[in-house]
Ligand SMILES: Nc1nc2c(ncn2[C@@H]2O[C@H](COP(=O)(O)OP(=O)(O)O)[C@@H](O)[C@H]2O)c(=O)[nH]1
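This document starts with one chain, in the form predicted alone, laid out as structure tokens.
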Amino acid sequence: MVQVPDVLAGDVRGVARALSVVEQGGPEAEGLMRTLRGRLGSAQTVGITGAPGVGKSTLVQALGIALVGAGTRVAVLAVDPSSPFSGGALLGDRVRMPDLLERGAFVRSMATRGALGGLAVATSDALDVLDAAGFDWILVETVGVGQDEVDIAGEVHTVVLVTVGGLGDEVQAAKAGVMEIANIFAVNKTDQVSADGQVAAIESALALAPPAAWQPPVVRTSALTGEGIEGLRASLLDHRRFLDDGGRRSEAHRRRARRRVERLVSAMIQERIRGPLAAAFDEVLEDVGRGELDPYAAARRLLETVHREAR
């Protein structure tokens, strides 16, 4: 049983129990989120995304250490691929960021559970739990499936896209997809010769983009040596100030709320057709398989059934 006062006090065990509850979902998770309502909005959330092999975990640890060193409370939510056997996260919390843990930060792995875009529905609830627990910065490290991973933009205030040179195509950084959601670009492993080409490719692409109120900076970093980490932290602070100006933060919260409700509605419908309405779902699938019903009509029939059962 989650003790809400423990969560609000930032008690590590209490926060861990609350995160386990929201991962499992169900009535207890819904009740917890209702209780936490009105106690949110203080944390700055940052998504760290990028292709596998760019050094996201090492960069997150280095950035987290810098933020802790500046006197702020830091939590890391590491979204991992799901185990095909247990459904849980494949990587462990303490395996990935031991130095950050030693400095008092909170680190938690969360499984994607097959969610599209690499983020589970429970990620939003987990962010709210960490926010209510009083963390100043919440860093979300995504799975890293490359260009298609754009869901993170709907969950956090700031998106940092981590890239490196020499992955086979420097122009890859200039393509649509994750580049369009990035607020800050971090070119990691700057000791590599190819880093200059990657920086040039990103800056050229940004120069072609339409004028905007926020111009994404390109920060050179080396997570192993610490080079550029302070510059990355400064860019995060700049973007936080940008959001605080002109009501941009409130607008971002409204966008997140809309996306969140849409995802929950979709999840609830799927839960119904896999549970109480499983028989009706199977019957409709049989009709589609025999060619007696087209998929659009089948989907509408299921929606009508869900609506009728909900009344």
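Numbering starts at 1 and follows the sequence shown. Quick caveat, the model's predicted, so the values are computed rather than measured. Under this definition, the rigid core comprises the largest set of C-alpha atoms superposing within 1.5 Å between the forms.
Note that the form predicted together with this ligand isn't included here; everything after this is about it.
Peer 1: Does the 4.5 Å heavy atom contact test between D191 and this ligand in the predicted complex come out positive?
Peer 2: D191: yes, in contact with this ligand in the predicted complex.
Peer 1: Answer with yes or no whether S235 is in contact with this ligand in the predicted complex, where contact means some heavy atom within 4.5 Å.
Peer 2: No - in the predicted complex, heavy atoms of S235 and this ligand never come within 4.5 Å of each other.
Peer 1: Within 4.5 Å, heavy atoms only: does P52 come near this ligand in the predicted complex?
Peer 2: Yes - in the predicted complex, heavy atoms of P52 and this ligand come within 4.5 Å of each other.
Peer 1: Would A223 sit within 4.5 Å of this ligand in the predicted complex, counting heavy atoms only?
Peer 2: The answer is yes: A223 has a heavy atom within 4.5 Å of this ligand.
Peer 1: Only one of 269-277, 55-63, 24-32, 250-258 gets a heavy atom within 4.5 Å of this ligand in the predicted complex; which is it?
Peer 2: Answer to the contact question: 55-63.
Peer 1: Indicate whether A212 shows a C-alpha shift of 2 Å or more between this form and the one not shown, with the rigid core used for the fit.
Peer 2: False for A212: its C-alpha shift is below 2 Å.
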